[in-house]
Ligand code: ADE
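Shown here is one chain on its own, the form predicted on its own, set out as structure tokens.
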Amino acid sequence: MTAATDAHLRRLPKVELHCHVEGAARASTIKELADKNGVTFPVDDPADLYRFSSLNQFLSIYDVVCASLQTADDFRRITYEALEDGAAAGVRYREMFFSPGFVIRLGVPVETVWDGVRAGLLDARADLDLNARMVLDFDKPTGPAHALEMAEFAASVGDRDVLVGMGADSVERGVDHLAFKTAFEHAGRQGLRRTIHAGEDGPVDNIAVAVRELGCERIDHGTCLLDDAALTAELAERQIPLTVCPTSNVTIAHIVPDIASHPFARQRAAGVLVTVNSDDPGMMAFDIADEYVAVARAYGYSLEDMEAISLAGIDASWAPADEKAALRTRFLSEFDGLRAELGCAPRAG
């Protein structure tokens, strides 16, 4: 087995499937947008904006971010910059969340949000060495009526090459996930792929509801999956992916004390299709390349392990089959090139 250096891991080609565009926004950009839009900025130095020690503090900062986003160009800018930062961390393909509900309640129409997000994505496709698609997330605590409204809007966007799916985020406790069945069924009938944040700060039953009742094809976080051995075996057999964010679970949700305690490695050993993701890289100042380094160090993973994790992201993505095949060919070529450049042994087989 080959040791993986930090520099090598940063340069590995990557797929990312769990990244929120609002949480990827640069603090300096939010400062500029806040000033432009008349929003009170809570700190003097933008570098101090993303300092938090609890989920409540994180959410209060998230409110500042959302309040600063008011025009289509604001959303275009943060989308483009998020993809620019992702490309710098080795991302070749990303499916990225946007959450209109948080700004709709502030008076920004969903159409404004989508116009900006779409423009930023298309600009990034033209300028950067990556492809991306968007997933519309609804805010679960807002309730099933809002979920259906978001599903209907997502369905009205005809371009599935840009808006590929619908998801649901925010807290779980006290939320009846089965209440979202109508919204998810509507999304599915319209050709939208479906995912949901589940099993992070809530019970494993939420994962079961998601895959057995809501038709979800992916689970975001899924931290407590191993609490149910039968469900774990089901997800492994069906290869329903988990988009795992270990550092976020440590620093935002405080589910585990450190990455070594995170169940990622045990989920992977159980045959579950698990992927590595950054969640909110701007707010955590910790991108997916940092996440690869942290995961490799925490579990003693070899370069071969990390290359396999990189390829798992392709398998878990919602890219068309021909695009997946092209990505796999490209990734394997890049793996070989990096090994040769950095003096590592060639890949076996």
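We call the rigid core whatever largest set of C-alpha positions still superposes within 1.5 Å between the two forms. One rule holds for the numbers: they count along the sequence shown, beginning at 1. Fair warning: this is a prediction, and the values are worked out from it, not measured in the lab.
The protein also exists as the form predicted in complex with this ligand; that form is not presented, and the subsequent description refers to it.
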Task: Segment assignment from 41-49, 285-293, 309-317, 56-64: heavy atom within 4.5 Å of this ligand in the predicted bound form - done: 56-64
Open item on the list: in the predicted bound form, does D74 come within 4.5 Å of this ligand, counting heavy atoms only?
Closed with: no
Open item on the list: When the contact criterion is heavy atoms within 4.5 Å, does S248 count as touching this ligand in the predicted bound form?
Closed with: yes
Open item on the list: Residue-level question: is N131 within 4.5 Å of this ligand in the predicted bound form, judged on heavy atoms?
Closed with: no
Task: Residue contact check: T142 to this ligand in the predicted bound form, 4.5 Å heavy atom - done: no
Open item on the list: Within 4.5 Å of this ligand in the predicted bound form, counting any non-hydrogen atom, which residues from 161-200 show up?
Closed with: D169, S170, H197, E200
Open item on the list: Given a superposition on the rigid core, I'd like a yes or no on whether F52 shifts its C-alpha by 2 Å or more between this form and the one not shown.
Closed with: yes
